[in-house]
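Just one chain is shown here, as C-alpha cells, and it is the form predicted alone.
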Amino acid sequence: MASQLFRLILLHRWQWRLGILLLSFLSALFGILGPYIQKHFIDSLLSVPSKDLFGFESQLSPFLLMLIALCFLLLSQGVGFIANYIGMKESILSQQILSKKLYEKTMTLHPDSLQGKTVGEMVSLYATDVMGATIFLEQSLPIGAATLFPLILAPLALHLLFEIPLTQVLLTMGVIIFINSYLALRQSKFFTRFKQLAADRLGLVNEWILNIKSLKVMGWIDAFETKIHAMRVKETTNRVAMVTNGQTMNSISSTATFIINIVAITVLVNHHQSQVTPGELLSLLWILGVFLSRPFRQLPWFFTFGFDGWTSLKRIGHFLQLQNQGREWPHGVSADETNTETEGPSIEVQNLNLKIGKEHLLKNINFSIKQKEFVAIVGEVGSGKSLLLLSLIGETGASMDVYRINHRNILSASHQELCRHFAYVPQEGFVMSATLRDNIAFDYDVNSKMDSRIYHCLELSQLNLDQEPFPERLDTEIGERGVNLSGGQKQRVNIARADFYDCPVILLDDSLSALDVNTEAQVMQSLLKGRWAHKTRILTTHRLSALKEVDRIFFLEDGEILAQGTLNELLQSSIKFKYFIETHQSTEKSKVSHEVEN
C-alpha cells in the first residue's frame, strides 16, 4: 500500500514533477557556468591566458563577462527557488488527496475495526504523517534534484576545466556520501520512533483530559500522570539522540567541502600540466566552497526526509488497509422504492449475525417490530444490546439475510439512506463545545427563529432552563464534552436533539440511566408514550420500571434473543428471564436503601 501511495504522490500531475527536475538541472547548470565565466573574467583582467572551452569567451570584454557571470548566478538561485515553490505547492495538493483518503476511510470504518487505535494515533495520521508523506515533494524531490545534479556536474566541471582526475574527487565524495547516508538512515529511525512516541503520548494525554474528573475522584491522577511522564521521558531521550545525530550530520556536511577543497587543490597543484591561473583557482574555490556547499549540507537531509516520508506512507497505508469485518453498507445507492408508506415504520430482521475475529457476538437474531410499537431490549452487561442497536444503523459489520424497514429492502440502501430512518440516543451522548441552541439543532450558528421549537423539545425532555444552571438560556455556552453538565443533563440534551430531528425510529441505548426515577417517568410519559407514540421505539435499559411501559421485550443472553413477549408473558414462560428480573429487583432495592441511609 505504501508503494501505491508513493506512486500516487510522484505520478499525480507528473508534468509538474518533471518540471521540478528540469528546473533543478538548469539551476545546477547555471551554477557551474557562473564560476566558469568568472574564471575568464579574472584571467582577462590580469591578461593571463585561460582555457577556452566554447571558443568565444576570450573575445568578450571583462565587463560583459562579469555581467554574464552575475546573470548565471542569479538565474541559478532564481530557478532553484521556483523549483522549491512548485514542490511546496504540489506537496499541499498531495496532502489534500491523502487527507481525503484518510477521511473517507475513517467514515467507512466501524468502531470495532480500528484495532485498538487511540484518538492520539488517529490525530497523528492527519497532523504528522500526511505532511511527512508529502515531504517527497516539498523536500526530497527538489532537494534531491538540487543535490544530485550539482554532485554530477561538479566533478565533470573539475575534470574539464582543471584536468583533475575524476577518481580522487569521486572517491572523496563517495566516502562522505556513504557516512552521511548511514547517519541519515539512523536519523530516520529516530524520526519514526519520535512520531510513534508522540502519537502514544497524545493518546494518553487525550484520555487523561477526557476523564480527568473521574480519575480525580478515583484517586488515579498520580498514576496516570506518572505514565504520561514516563512516556515523555522516552520521547525526550529519543529526541536528544535525534538532535545529536543531526548535529553530527551537519558537522560532516559542513566540513565536506573543506575536505574536497584540500583534495582538489592538492591534485590540481601536483597534476595540472600548465601553470594554475588566478581565475582557475578562484573558480575552483567557488565550485568547491560555494557551489557544492549547499548540496553537501542538503545531502543527509535528503536521505533523512526520504526515509522519514516512507515511514509516514507506511503508517497511512496500514490505516487505509483496515477492513470492516462482515457487511459494508454501499454509498450512493438508493433504497428499493417498492412501498411509500410514511406512517410507522415496521422493522423486519432475519438471521442477523456479527463476528469480530473469532468472537461470535450476535447470533441468528430474528425479529419483526410493528409500526408504532415500543420495544425494550434487556439482558446482562455484555449480552449484545448496544451492538444490536449499532447493527441496525449500519455501524457494525453485521450480516443479515433480510433487513426491511416499512417493507423496503434496506440491504440495497446506502448508509445515508439507512440513517435517515433513525434517531439514535447513546448512553454517553455527544455534547459539543457550543451554545445549548446549537447542541439541540446539532449545527453551528443556528438561527434564533428555531427557538420556539427548541424550547418545546427541551420541555418535553424535562430540561427546565428556569430551574437548572443555564444563565444565558439557549445562548449558554456548554464546555467541551459537556463539562458543565451533569450526566442527566447530557442525556436530556441528546433526547431533546432526537425529538428535534423527528425521525420515524427512535433508538435509545440506555439513555435514561442517568435520570432519577421521577424524571425518567416524566420523559416516558411526555415523549416515549406521548409525542413519540406514533413512532417505532426501541429502548435498551437496565431500569425494570420501564418494562411495564413497553409493548414487547426482547431478552438477550450471549448475543442471542432467548425470549420475546410482554413482561407478564416472559415472567411466565422464561425461567432465565424471571431470574434476571429477580436479581435486578434485589439490586435496585439495595441501591434505594443505600441512598436512603445516606
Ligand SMILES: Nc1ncnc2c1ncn2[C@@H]1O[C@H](COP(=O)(O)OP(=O)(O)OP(=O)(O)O)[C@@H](O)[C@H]1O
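Here, rigid core means the biggest group of C-alpha atoms that superpose within 1.5 Å across both forms. Computed from a prediction, not measured in an experiment: that's the story for all the values here. Heads up: residue numbers just count along the shown sequence, starting at 1.
Although not depicted, the form predicted in complex with the named molecule is the subject of the following passage.
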{"item": "Contact of Lys385 with the named molecule in the predicted bound form (heavy atom, 4.5 Å)", "value": "yes"}
{"item": "The named molecule contact at Glu477 in the predicted bound form, heavy atom, 4.5 Å", "value": "no"}
{"item": "Contact flag, Asp222 vs the named molecule in the predicted bound form, heavy atom cut 4.5 Å", "value": "no"}
{"item": "Contact test in the predicted bound form: Glu472 vs the named molecule, heavy atoms, 4.5 Å", "value": "no"}
{"item": "Among the candidates Ile97, Leu204, Ile356, Leu281, the residue which, in the predicted bound form, approaches the named molecule to within 4.5 Å (heavy atoms)", "value": "Ile356"}
{"item": "Option touching the named molecule, based on a heavy atom within 4.5 Å in the predicted bound form, out of Asp502, Glu459, Glu380, Glu163", "value": "Glu380"}
{"item": "Region of this chain that lies against the named molecule in the predicted bound form, out of 486-494, 147-155, 127-135, 385-393 [heavy atom, 4.5 Å]", "value": "385-393"}
{"item": "Contact test, all of Leu361, Gln427 and His542, partner the named molecule in the predicted bound form, heavy atom 4.5 Å", "value": "yes"}
{"item": "Core-superposed comparison between the shown form and the other one, Glu395 Cα displacement 2 Å or beyond", "value": "no"}
{"item": "Phe580: Cα shift of 2 Å or greater between the shown form and the other one (core-aligned)", "value": "yes"}
